[in-house]
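The chain that follows stands alone, in the form predicted on its own, written as structure tokens.
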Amino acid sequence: MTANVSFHSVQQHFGNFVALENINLEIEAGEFLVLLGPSGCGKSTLLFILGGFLTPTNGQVLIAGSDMAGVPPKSRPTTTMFQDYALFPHMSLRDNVAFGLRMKGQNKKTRNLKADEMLDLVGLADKANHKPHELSGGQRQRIALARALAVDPEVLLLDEPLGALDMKLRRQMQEELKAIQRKVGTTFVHVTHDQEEAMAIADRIVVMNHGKIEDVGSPEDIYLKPNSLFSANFMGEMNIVPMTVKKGKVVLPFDSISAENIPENPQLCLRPENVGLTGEFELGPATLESSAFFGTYHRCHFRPLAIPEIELVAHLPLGEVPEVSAEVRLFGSNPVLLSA
């Protein structure tokens, strides 16, 4: 089962503090949507409103077209998975997964069959009789996911479920989580502050800041065509190059480029991989101040001679790194113009 979700003019106030301001958002049935932003941006608050744990100050939340006003968490077609997996240590994995079904009054045979199906889905069918303390962190995360899916929610809510895992295991679980979501088809709404995680798993990303939505789009659109400086800087690094606009052209210290739809108070933004020793337009001479090896590229810091007050970060391919203190000519490609 799966369902679409709608937020209409949702606001959340805690006294004088505005946690959410006029949130309008549509989530498609079967979509993997990620709410991304720094701590305190309102992403978890929005998730808790969807789950029924908070009542919005104003606005409306719909799941599959039904108004959720006054509907408690247990009566909503949602299940929430938290970072703390909250598994019962005295129960077997099968009983942990079947717990929600037990609370719904299903008989033991029916709920055990469903639990075994979910354990097989997450690759732990052979450990049905084990206890949680016998599992690794990643395996416990899978059990929590199996338990959440066992009750057949129309929308699964995930509040930073991978935050307690180390980097290698987190990346592995990101791939597994995405594969499982594709298999079951349930709508997933996932909260994280990890940009790489968001790009790895999301169909669409919602970037939030100070209780507002800054940007919405596919991972590619958010990264390559951000709608705001905040979104651009939060979703990876961004170089900002001083510029002026004359007769519809962006004028740089050493070159000019044509641009459409130039915004007010424009800033020329370049990702580090779009700054290099060749490119679409010239940024001028610069001195290499430092370089660090990152496996597939060198992360380089350049100081432009014409604008020494800024530093440009470039990701140069292996074998293309000059000596530190060397003077080179820098170029840029794929620029993005955003309002200051």
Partner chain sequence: MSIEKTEKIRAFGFVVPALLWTVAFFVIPFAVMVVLSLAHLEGRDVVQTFDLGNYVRIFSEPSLVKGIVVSLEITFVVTIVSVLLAWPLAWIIAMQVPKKWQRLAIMLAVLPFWTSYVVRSYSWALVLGENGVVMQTLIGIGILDEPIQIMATRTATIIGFVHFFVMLLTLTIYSNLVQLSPNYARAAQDLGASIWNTMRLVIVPLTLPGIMTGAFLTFVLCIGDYITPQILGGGNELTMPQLIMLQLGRRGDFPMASALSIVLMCIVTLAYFASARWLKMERV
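Keep in mind it's a predicted model, so treat the numbers as computed, not measured. If you superpose the two forms and keep the largest set of C-alpha atoms that fall within 1.5 Å, you have the rigid core. Positions refer to the first chain, counted from 1.
Below: the form predicted together with the partner chain, not depicted.
- Although the partner is absent from this view, residue 151 contacts the partner chain in the model of the complex, with a non-hydrogen atom inside 4.5 angstroms.
- The partner chain is not shown here, but in the model of the complex it comes within 4.5 Å of a heavy atom of residue 147.
- Among heavy atoms of residue 123, none comes within 4.5 Å of the partner chain in the model of the complex.
- Interface membership of residue 87, defined by any non-hydrogen atom within 4.5 Å of the partner chain in the model of the complex, is confirmed.
- In terms of contact with the partner chain in the model of the complex, the residue from 248, 73, 242, 185 that brings a heavy atom within 4.5 Å is 73.
- For the candidate set 128, 259, 91, 169, a heavy atom within 4.5 Å of the partner chain in the model of the complex is found for exactly one residue, namely 91.
- Of the stretches 206-214, 221-229, 102-110, 185-193, only 102-110 has residues with a heavy atom within 4.5 Å of the partner chain in the model of the complex.
- Taking the rigid core as fixed, one finds a CA shift for residue 90 of 2 Å or more between the shown form and the other one.
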